[in-house]
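Shown here is one chain on its own, the form predicted alone, set out as structure tokens.
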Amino acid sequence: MNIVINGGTRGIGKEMVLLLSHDKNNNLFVTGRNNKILQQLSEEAEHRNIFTFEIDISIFEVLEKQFIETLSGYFQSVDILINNAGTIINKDFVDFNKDEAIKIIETNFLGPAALIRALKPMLIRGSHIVNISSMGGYQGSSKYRGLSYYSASKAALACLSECLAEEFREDGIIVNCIAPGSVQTEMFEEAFPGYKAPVTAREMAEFIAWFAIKGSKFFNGKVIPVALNNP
């Protein structure tokens, strides 16, 4: 399978890269902001099947042409896209400035949306798009102080997933969204310092990797909460 993972240099994303690259039949194209880690992942891949592109997804459209040209050098089509990149700023809503708000929205929503749009010509019948939202963006879930813009941006990504599942239905492209709860990642620790999550990044990565490969047989246009508790 040809798999694109947006945001694969730390946390859940990095663990998914490591898991999926163990299968020699998978080829991975991985994005991230940390070029050192990207190079390390590529060089250490057992099957030499990890290809990388350094990018800040919040400015994806600036490098879109270069991105597609590079990707097309490895893949003619894309079977799976996992939109995992994200950022968080934990502060009260009234204390946000415009630049901070825009950064969150561009990273968590507009950038992933632009990536889907750019990849659409490479997606084939049976392709699966998996957007990674959050329980913070899941309608009806408990919300937490300081995460207003983060949660709103993730809610937008979840809603986009539902919309695109309908728009892409005739093309046979499946779109789903996973909303993880507490997972022990660097970003979670930034939002909830001192809180111990019941699920590790590796465990959540195992579920999402399985879902990306198998979930399209059972789900389309769904926002699926994956949480033992709140947060």
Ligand SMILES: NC(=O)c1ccc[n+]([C@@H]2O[C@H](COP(=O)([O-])OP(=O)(O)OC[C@H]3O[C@@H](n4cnc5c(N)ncnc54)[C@H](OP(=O)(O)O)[C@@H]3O)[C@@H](O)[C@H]2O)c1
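Don't overthink the numbering: it's just position in the shown sequence, from 1. Treat the numbers as computed from the prediction; the structure is a model and nothing was measured.
Separately, the form predicted together with the ligand exists; it is not shown, and the next lines address it.
Would residue 39 show up as a contact with the ligand in the predicted bound form if we use heavy atoms at 4.5 Å? No.
With a cut-off of 4.5 Å between heavy atoms, is residue 187 one of the residues that contacts the ligand in the predicted bound form? Within the cut-off, so yes.
Tell me, yes or no, whether residue 148 is in contact with the ligand in the predicted bound form, where a contact means a heavy atom of each within 4.5 Å. It does not: once the ligand is placed as it appears in the predicted bound form, residue 148 has no heavy atom within 4.5 Å of it.
Answer with yes or no whether residue 70 is in contact with the ligand in the predicted bound form, where contact means some heavy atom within 4.5 Å. Flag for residue 70 set to no.
Work out which of the listed stretches, 72-80, 93-101, 131-139, 115-123, brings a heavy atom within 4.5 angstroms of the ligand in the predicted bound form. The contacting stretch here is 131-139.
Is the ligand in the predicted bound form close enough to 159, 175 and 216 that every residue in that trio has a heavy atom within 4.5 angstroms of it? Verified in the predicted bound form; spot residues all out of contact, no.
Could you tell me which one of 64, 171, 203, 56 places a heavy atom within 4.5 Å of the ligand in the predicted bound form? Of the listed residues, the single hit is 56.
Looking at the ligand in the predicted bound form, which residues in 91-119 have at least one heavy atom within 4.5 Å of it? The stretch 91-119, when checked against the ligand in the predicted bound form, contributes only 107 at the 4.5 Å heavy-atom cut-off.
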